[in-house]
Structure formats: structure tokens, C-alpha cells
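Shown below, as C-alpha cells, is a lone chain in the form predicted alone; questions about how it binds or moves come after it.
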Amino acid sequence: MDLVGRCQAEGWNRIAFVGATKHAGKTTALNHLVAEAHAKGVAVGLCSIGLDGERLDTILGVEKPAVHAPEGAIVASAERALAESTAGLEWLEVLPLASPLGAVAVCRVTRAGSVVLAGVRQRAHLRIVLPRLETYGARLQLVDGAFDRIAAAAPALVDAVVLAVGAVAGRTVDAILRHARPFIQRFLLPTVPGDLRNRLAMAQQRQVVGWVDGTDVHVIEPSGTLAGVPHHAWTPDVEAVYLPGAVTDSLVSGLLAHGRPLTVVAAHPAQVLLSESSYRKLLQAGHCLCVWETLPILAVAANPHSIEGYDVPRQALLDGLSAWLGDVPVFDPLHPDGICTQAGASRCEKMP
């Protein structure tokens, strides 16, 4: 599977990388796509979100994988992080973004090497950084997200995501898949049906809680109680609710007892933070979960090796993921041939 070609065919120029766990292999997947783009003559832009610049992992004490930047890449990172990079850099612009590691600068890579990406800490920063990467010639802008930071995976910021699933999540393929399913499932949720979209449009535009009660639409303005959806005051006619913030286990637990099938609408996949058990309970109660705006999955990167020293069967992991991912490519970026499978594939295929 040609991932750069898939981006070009779909018109995806901004890609976020998100890991299901720490050490899932997302930076390795990013390096894979960077190398593929460079081989095709596609200039890349690189930045991260949520990384504080430490060189060693704070939990397991292992060195973080380096991000490899080819000549011609455009990089946005904090000053002190750039000083730790081995790549040759031409400074292009200092952005009005402060961080504990200094101001964030945009640089062009003049000599291939590793780069340390840091300093971009929130979505508002990305809204400034990504257009600057494009301005300086980056046709494909890649955002490396720190573990448990899915902030970049928002449709307003990026066009698609690469999700990384690693063996560190479990010692068997089944255990890894059980852990990965709710992480990936949020990106496979359907969009809100058209009739409900029209009725909930005011709530979505204002980014407030809104619910449909028969022919009426109600909203809670920002001064109201956003955290406590007022299900206790609902009539039995309520059929849908729009939630602009995080959709969590505690929030959903209050909706389970609603007497009629309820459509719960999240703003986008990154706002869905449900565990698999809560999602299952929601469905078993007859309710459904959808999103206002979806975010496509470019690919799922599968890492069969754990930093704890064990491996799971590579092909079984690839096949297990691809079995319920439809036409989304599943690949192992560390395999010498760049294994990639899709649903229905009976064997590994070499990537070009």
C-alpha cells in the first residue's frame, strides 16, 4: 500500500499520529511515512503536540525513538529542542509561541539527521504552526502526538490520522486487540443522521449541549451546567443529545436509563473517551453513538514487538486488526518489506 499515494488521492495534507499506548510505535510509523514521502519527492513538515522534550521515557527509562528528518523537510520546534537535533537547520522564522524550552522556530533541514520536536503544546499552537509549515513548502504536514494526547486528532486541524497499536498493550494478540478496539472504534463511528444534524445545528454552532425533545430543540448556554447533562429533567420524548466536550464514562452513565433509544452525538472522534465496557452498555441499552464530524484513518501501524522484550505473531496481529477495519491499511513499519494488509487480504503484500 502506497500511503503517500493514498494521501494524494484523498487530498489529505495534514496527518496526526496517535498511539494507543506508550511505546506503541507511532514515531516509527511517522519515520516510515517521512521516508516514503522523501523517496517520492514530497516535502514534509514536522511538529509534535504534547511532548515536553525529555530524552528518556519517564516511566520505563528507555530512550525515545528519534524523528529522522530528510534534507528539505520543514520543522517547527522549540529552541532548546532544536539545539539537541543532529540535523543541519536553516532558521526561517520564530513564531509567537512560548514554551518551557524556548520560543518555537520554523527551520528548513539542510542536512539529514534527527530532530527533537517539542514546544507545540495545544491545538491553538497547531493552528499557527501548520499553515507556516505549508507556507515554507511542506506539502505533507505530520504531527507526532505524545502518548495519551489525541488533541491533534481533530478534523479542524488535520485531514486524517495514523493510529499505532503495539504489543506493549498485552502479551497475546487477543489482549492487544481488546485494548485497541475502543481506541480505534471512535474513528469508525458514523456521522449524525441528516435530520438530527439539522435540528442540532444551533447547538453545534454555539458549541453548547443541545437535545431534541419531539419537535423542540433545547440548549444549555455556556453559563449553564455543561458537565451535568440534565437527563433528570428530560421528557420521554428526548431522542438525541449533542455533547461538545469530552464524552466520558461518567457522562454516559447518566444517559443509560433513558427510556427510549437515544442518539448521543459527539463533536468528533477525539472527544470520545469511553471505555469499551461503557460503549457496550450504551449499545445494549438501545442507544447509539455518532459524531458530528468524522476523521478518516490513513492507516493503522501495528508493532508486534514490546520494549519489555517479548513479541507477538506479526501476521496474526495484522490480520486481527484488518479484520474489522474495512479498507483501512494495516502495516508494520519495522518489517524490512513494510508489510501492509487490508481486510480480505490472505497474505502479506510488499509495499512498493
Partner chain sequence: MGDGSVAVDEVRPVMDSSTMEAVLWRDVWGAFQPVTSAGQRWKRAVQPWVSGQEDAWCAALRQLEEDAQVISDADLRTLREQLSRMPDLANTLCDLVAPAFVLQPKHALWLKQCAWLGGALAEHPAVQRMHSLTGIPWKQLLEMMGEATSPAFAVDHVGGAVYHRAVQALTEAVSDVAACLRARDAAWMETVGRRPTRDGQIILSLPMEAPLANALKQRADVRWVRDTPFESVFEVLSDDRLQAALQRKDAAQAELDACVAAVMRRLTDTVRRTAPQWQRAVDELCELDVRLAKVELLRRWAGCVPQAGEAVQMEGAIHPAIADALGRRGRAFTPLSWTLAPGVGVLCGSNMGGKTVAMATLCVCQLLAQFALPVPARRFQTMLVRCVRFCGDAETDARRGLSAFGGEVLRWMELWDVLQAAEPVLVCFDEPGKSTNPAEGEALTVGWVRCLVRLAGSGVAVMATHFAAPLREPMVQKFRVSGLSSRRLSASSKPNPPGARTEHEVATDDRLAQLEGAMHYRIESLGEGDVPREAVWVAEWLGAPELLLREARGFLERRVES
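Residue numbers count along the first chain shown, from 1. Predicted model only: the values in this text are computed from it and were never measured.
Only in words, not in the display: the form predicted together with its partner chain, which the text now covers.
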Wondering, does residue 209 line up within 4.5 Å of its partner chain in the predicted bound form on heavy atoms?
no
Using a 4.5 Å heavy atom cut-off, state whether residue 313 contacts its partner chain in the predicted bound form.
yes
If we define contact as a non-hydrogen atom of the residue within 4.5 angstroms of the partner, is residue 260 a contact of its partner chain in the predicted bound form?
no
With a 4.5 Å heavy atom cut-off, would you call residue 185 a contact of its partner chain in the predicted bound form?
no
In the predicted bound form, the residue from 191, 86, 135, 122 with a non-hydrogen atom within 4.5 Å of its partner chain is 86
Of 281, 111, 197, 181, the only residue with a heavy atom within 4.5 Å of its partner chain in the predicted bound form is 111
For the three residues 93, 305 and 333, which mark the spot I'm curious about, does each lie within 4.5 Å of its partner chain in the predicted bound form through at least one heavy atom?
yes
Can you tell me which of 240-248, 103-111, 123-131, 272-280 lies within 4.5 Å of its partner chain in the predicted bound form, counting heavy atoms only?
103-111
